[in-house]
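One chain is shown next in structure tokens, namely the form predicted alone.
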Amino acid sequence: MIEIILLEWLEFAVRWVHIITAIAWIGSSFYFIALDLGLKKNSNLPYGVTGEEWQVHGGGFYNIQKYSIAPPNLPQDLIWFKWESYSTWLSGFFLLAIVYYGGADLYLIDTEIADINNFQAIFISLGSILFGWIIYNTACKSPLGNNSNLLLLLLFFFLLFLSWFYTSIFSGRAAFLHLGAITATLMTANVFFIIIPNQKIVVSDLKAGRKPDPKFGIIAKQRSTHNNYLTLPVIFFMLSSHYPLAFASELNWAIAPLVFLLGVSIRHYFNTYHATKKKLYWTWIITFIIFAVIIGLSSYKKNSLSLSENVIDLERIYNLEITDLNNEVHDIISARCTMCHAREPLWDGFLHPPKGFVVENKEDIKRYARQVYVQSAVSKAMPPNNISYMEDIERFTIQYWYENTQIK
């Protein structure tokens, strides 16, 4: 009992830290991108300063200047922005280990997608994250790195491949989580292996009285720009586990790459505005079109029932009276869901029903009808890993029940 309670609070604490550090990292990232794009030039700037910006916040005025490479004299107090990124990644990886590695049977593996064991799944998870960074970093350092647009296009197709790969190996929930994890890894590795080391080289040159090479700043700026465009998709994937229409739909592999395009279109609007004050409203039109396509893809559902094989079952469901249909759904949910979603769960490790979701009786089922419909009929998010073996005909029964008795 005490072990379960401590584990629950440990997960909560790590998740809390992860969100706090992510807010700090994303906030500083967005701020510096906006600052950099909004810098103005004038003839009164000191030598080596490429632009400045006046800002007002909290009742005070701030004058910020940027040197193209570095100031002639290194300031004694130099603030480094790196621990926000490191702390976000470390807490996120710890959370991945607690929830998905520790609960691999329930959250990481879906034997209906790939019949792998826990060790294989964890090995694939760790290996793919490392592989993703190696491929991305190699591409950035290759001649392709000199063409930012081509590099971003290549990155998109690489993420498209990863989307297909993860949805072919893991549960939909875990697949989307890993797309977020590998993207966040690219971003933090950019900071750890490229941006900060390049800045340290410049600092070392200044201390030694050498003139810093501007290429280090150019490379760091490119990686920082990549991070800026990847930020919004990472947030989406962090939140996706709460929305089964995203991760558990049949076309989830196609939805994920479109999320990256959403991030690009939204950031392009704000980046252009910060740089030129131009409002590219067409980017929002593209954003809404992409989002509409995502909604359409999420609602696609291939009929998994063979009419020739299930005609008797289908006819029986179609001919049920409302009362009998309610009883049928109650029996299905009692058999497949209530071991976890009861007021006193029977599933090992659960002291309380997940997310407070209880479907013990007909009143409970009626209260949570929409959630039951979305989680187990429109999508196959529940039961996780189909741990209680809900059959297709049972999912169809829930769908038919909701669409014909619960929709007003």
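Small disclaimer: the values here were computed from a predicted structure and weren't measured. Note that residue numbering begins at 1 and tracks the sequence as displayed.
Although it is not shown, the form predicted together with a small molecule is what the next lines describe.
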Fill in the blank from the handout: Picking from Y269, Y136, Y107, F216, the single residue whose non-hydrogen atoms come within 4.5 angstroms of the small molecule in the model of the complex is Y107
Exercise for the section: Report the residue, out of G38, G48, G349, P354, that has at least one non-hydrogen atom within 4.5 angstroms of the small molecule in the model of the complex. Expected result: P354
Handout entry: Stretch from 338 to 346, 22 to 30, 39 to 47, 64 to 72 whose residues place a heavy atom within 4.5 Å of the small molecule in the model of the complex
Key = 338 to 346
Practice task
Using a 4.5 Å heavy atom cut-off, state whether I387 contacts the small molecule in the model of the complex.
Solution key: yes
Exercise for the section: Consider H178 of the chain shown here, and say whether it contacts the small molecule in the model of the complex, taking contact as heavy atoms within 4.5 Å. Expected result: no
Practice task
Check whether V372 has any heavy atom within 4.5 Å of a heavy atom of the small molecule in the model of the complex, and answer yes or no.
Solution key: yes
Handout entry: Exercise: I365 in contact with the small molecule in the model of the complex, heavy atom 4.5 Å
Key = no
